[in-house]
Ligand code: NAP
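Shown below, as structure tokens, is a lone chain in the form predicted on its own; questions about how it binds or moves come after it.
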């Protein structure tokens, strides 16, 4: 039995993090870079992706910036092909790209429903499907999908909750299906995380939300990133088709 534990396999690993130009995705990319991984930074806006990739490259790692609308299969496929063209492989995919378009169900327009499903759920399918053949040839790989505490249902988020619950079902099914190929598939379900998006919540409401968290603080992108590092590493070599809840003890799923 080996007594060597660590994140050694992440050094020089090729990691694609969707939606990593800002927020949680950027925090995830920075954590992989700190391990010496080669990181693909994606955002729907190329300038944002390029700026983040340039800053992360200053950590002494190789980066690649790509604009990608994950709801478009051909763009997801081009993203994976470009990474393989540059580095010859993809070791880790983190499906982080996502949006919200909240609203009471009775007022929710079909396009609000569809856009959230297209990006959050279909985008996860698109990127996973586009990467799987590359990983299958190597007989190894890790896919980590970002779900949410909202998968348990939030008023005003019927579209978002449905998309994130769908991500969980997708993860459980795909983890079992790809296990014989050496590909592990897991999910992380964040709770209330401090990001530019949550910073826009009125102070009083934000304080109420934090008061409901047993650990009495909002999570940081780094809290999510460290769990993803574990799931991507050899430390989690016997973990697949699972979801790790990172929410400070907040009930919701």
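Please read all numbers here as calculations on a predicted model, not as lab measurements. Numbering follows the first chain given and starts at 1.
In what follows, reference is made to the form predicted in complex with this ligand, a form of this protein that is not presented.
**Student:** Taking this ligand in the predicted complex as the reference, which of 70, 53, 225, 33 has a non-hydrogen atom within 4.5 Å?
**Tutor:** None of the others qualify; the residue that does is 70.
**Student:** Please state whether all three residues 97, 147 and 196 have a non-hydrogen atom within 4.5 angstroms of this ligand in the predicted complex.
**Tutor:** Checking in the predicted complex: 97, 147 and 196 are all within 4.5 Å of this ligand.
**Student:** Which is the contacting stretch out of 80 to 88, 97 to 105, 178 to 186, 130 to 138, given heavy atoms within 4.5 Å of this ligand in the predicted complex?
**Tutor:** Every other range fails; the passing one is 97 to 105.
**Student:** Decide whether residue 213 counts as a contact residue for this ligand in the predicted complex under a heavy atom distance cut-off of 4.5 Å.
**Tutor:** No, residue 213 stays farther than 4.5 Å from this ligand in the predicted complex.
**Student:** Even though the partner isn't displayed, in the predicted complex is residue 207 close enough to this ligand, meaning a heavy atom within 4.5 Å?
**Tutor:** Outside the cut-off, so no.
**Student:** Report whether the minimum heavy atom distance between residue 61 and this ligand in the predicted complex is within 4.5 Å.
**Tutor:** Residue 61: no contact with this ligand in the predicted complex.
**Student:** Using the partner position in the predicted complex, report whether residue 57 sits within 4.5 Å of this ligand, counting heavy atoms only.
**Tutor:** Residue 57: no contact with this ligand in the predicted complex.
**Student:** Using the arrangement in the predicted complex, list in sequence order the residues of 215 to 240 with any heavy atom within 4.5 angstroms of this ligand.
**Tutor:** Nothing in this stretch is in contact.
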